[in-house]
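Take a look at this single chain in structure tokens; it is the form predicted on its own.
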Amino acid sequence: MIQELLANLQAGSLLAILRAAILVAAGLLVASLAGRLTRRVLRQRLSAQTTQLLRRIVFYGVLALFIASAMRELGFSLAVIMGAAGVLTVALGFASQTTASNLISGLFLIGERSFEIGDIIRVGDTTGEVLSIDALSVKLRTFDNLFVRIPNETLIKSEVTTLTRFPIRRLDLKLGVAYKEDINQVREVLMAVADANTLCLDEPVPLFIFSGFGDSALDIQFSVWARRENFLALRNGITAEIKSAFDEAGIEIPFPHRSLYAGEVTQPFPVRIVEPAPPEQKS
């Protein structure tokens, strides 16, 4: 292929080179316009992920046609180009097995559609919004505005949680009240807080679970439902509302404490309070 190109250059085929350059430039322009038109036509009918994938296929497909035409202007035959491309593809496949694995994993991600562009996902300790699903990796933007690139192979092998898959989410609150408190009263206060909060959904109904007897408190789980877009606002607001309601009702939220024992098993450790001696009076 290189020898044919040198032969054409030595022959002074400047006109062919000019036509090839014009074809490549025109190909870039037409491919860009075709990609934009594809996105504009399909974005109302298909998901953002599918639209982006089809736009890239159209862009590179049109550009490849113009590049092939430009190569023919330089004197290359299509059979030679296809043969060289096949050999190059095989060589690259053996040289970069990780890249090939990421490519195959990307096809599985696109076909499975466990998440799409715009979804919020959690992979390990990383949580962010999906910006793009590419051939080799998925790009995320975290909540503190960091750009994270995760290889497709890692996503296939890892547990991926899609936080925005469904329209509603449940908020689980772990609470503890003192042993002296009435569980029924605690339940009524929590249900009243959920009923007064406009972000809590009436259906599914809030869930009150008595988890058990903790070291320093009666353990309770209180779960409420909210629409996906209101989840963070509910989590930030309802905790303060529960604290205020507990204070008004006189319900104690205990801090951790320990009891010390010495000697006999059931006898508490003796503690004696010594009164301070009165100050001496000077004569």
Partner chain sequence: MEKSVTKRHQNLWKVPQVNSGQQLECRIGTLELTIAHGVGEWMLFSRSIAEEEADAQVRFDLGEGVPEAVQERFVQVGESGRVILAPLLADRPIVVRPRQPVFLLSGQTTTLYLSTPIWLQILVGDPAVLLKELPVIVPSDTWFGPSTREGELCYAGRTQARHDPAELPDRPHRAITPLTIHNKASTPLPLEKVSLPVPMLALYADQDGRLWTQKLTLTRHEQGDLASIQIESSKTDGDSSLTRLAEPRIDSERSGMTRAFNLLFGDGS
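Positions refer to the first chain, counted from 1. This structure is a prediction, so every number in the text was calculated from the model and none was measured.
There is another form of this protein, the form predicted together with its partner chain, and it is not shown here; the text below is about that form.
- Checking L201, I121, I150, L171 for any heavy atom within 4.5 Å of its partner chain in the predicted complex turns up a single hit: L201.
- Comment: its partner chain is not present in this chain, but in the predicted complex one of N230, S216, T239, Q221 has a heavy atom within 4.5 Å of it, namely N230.
- Only one segment in the set 174 to 182, 123 to 131, 107 to 115, 203 to 211 has any non-hydrogen atom within 4.5 angstroms of its partner chain in the predicted complex, and it is 203 to 211.
- Although the partner is absent from this view, F166 contacts its partner chain in the predicted complex, with a non-hydrogen atom inside 4.5 angstroms.
- Looking at W225, you'd find a heavy atom of it within 4.5 angstroms of its partner chain in the predicted complex.
- Not displayed here, its partner chain is approached by N197 to within 4.5 Å at the level of heavy atoms in the predicted complex.
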